[in-house]
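Form predicted alone, single chain, as structure tokens, below.
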């Protein structure tokens, strides 16, 4: 990774936070809405349950909870932030940015607030932007948040059962100001020629909302060409992993944990097989949270740290794919285990 002028060391993730809704929805619960079963979902995806936002929860409120936990863990004053970045495909509203609502809620009065629509790889790609600003001295709060339950067609068995709601936040600081997960290398790519294989085509300026569109339910339709997405995800995540390792001057043998986007267990297993690494080195919580989009890696990092799995000196590899079609990977070096806090929705 090229260094900006004046930078001397990689930026670090100095603290992390996570938040999920309290409502658990099991595979069996989906039987109320679509013809499915726990066995059908579990055997194809590895998912057992997911968290679903309530009527009083939204992308901004969930992102705010994760942000507050992150800042509390770091004991970092919100008015010192210079950037609040929210990676999401399920924004609070069309305009303004979800980040504006988060900025106001946490009191980050001196921060620029921006949204990034980068698909499920958006958190890792946005980490590259956060890291570049932090190298220049700007404290950045990066949040990946999705409330997919309010943006999908609950009658579509092929997509609805895959997703859950959640948020993960990272405080990214100059390396001279803190220790934590040092961003040793990062790579992000997009191939817009495959933009139509995964996404929500209705509700924008190409296919605007109309009474007829809403009545038909198409405004919640997620288009996903499953097998094509699967193949591309596995291939590009593997390529990104090797590219990030090469930039870091490391090999897979140097990596203690792979923390991938939690799309589904079949994809995680296929990536592990292609990389020829043991499944025990690939962190997975997809069974409990399902696919939380750009929130998944942040949530997984918080959980892994709370479980005591990270140690000083370890190397982590994060890797993700998403709509666009996009993919990204980063190598994180643990100079110190960052503090974390989480709201797991248990009261």
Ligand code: UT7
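Note that the structure is predicted; figures quoted are calculated from it, not measured. Positions refer to the first chain, counted from 1.
Below, we refer to the form predicted in complex with this ligand, which is not included among the displayed structures.
Answer range among 104-112, 74-82, 229-237, 135-143 for contact with this ligand, defined in the predicted bound form as heavy atoms within 4.5 Å: Of the stretches listed, the one contacting the partner is 229-237.
Heavy atom distance at most 4.5 Å to this ligand in the predicted bound form, all of 16, 69 and 306: Not a single listed residue reaches this ligand in the predicted bound form, so no.
Within a 4.5 Å heavy atom cut-off, is residue 158 in contact with this ligand in the predicted bound form? Because a heavy atom of residue 158 falls inside 4.5 Å of this ligand in the predicted bound form, the answer is yes.
Might residue 36 be said to contact this ligand in the predicted bound form, defining contact as any heavy atom within 4.5 Å? Within the cut-off, so yes.
Heavy atom of residue 263 within 4.5 Å of this ligand in the predicted bound form: Because a heavy atom of residue 263 falls inside 4.5 Å of this ligand in the predicted bound form, the answer is yes.
Answer yes if any heavy atom of residue 291 is within 4.5 Å of a heavy atom of this ligand in the predicted bound form; otherwise answer no. Because a heavy atom of residue 291 falls inside 4.5 Å of this ligand in the predicted bound form, the answer is yes.
Work out which of 267, 244, 183, 258 lies within 4.5 Å of this ligand in the predicted bound form, going by heavy atoms. Checking each option against this ligand in the predicted bound form, the one that comes within 4.5 Å is 267.
Quick check on this chain: which one of 275, 187, 198, 248 has a heavy atom within 4.5 Å of this ligand in the predicted bound form? Checked against the cut-off, the match is 198.
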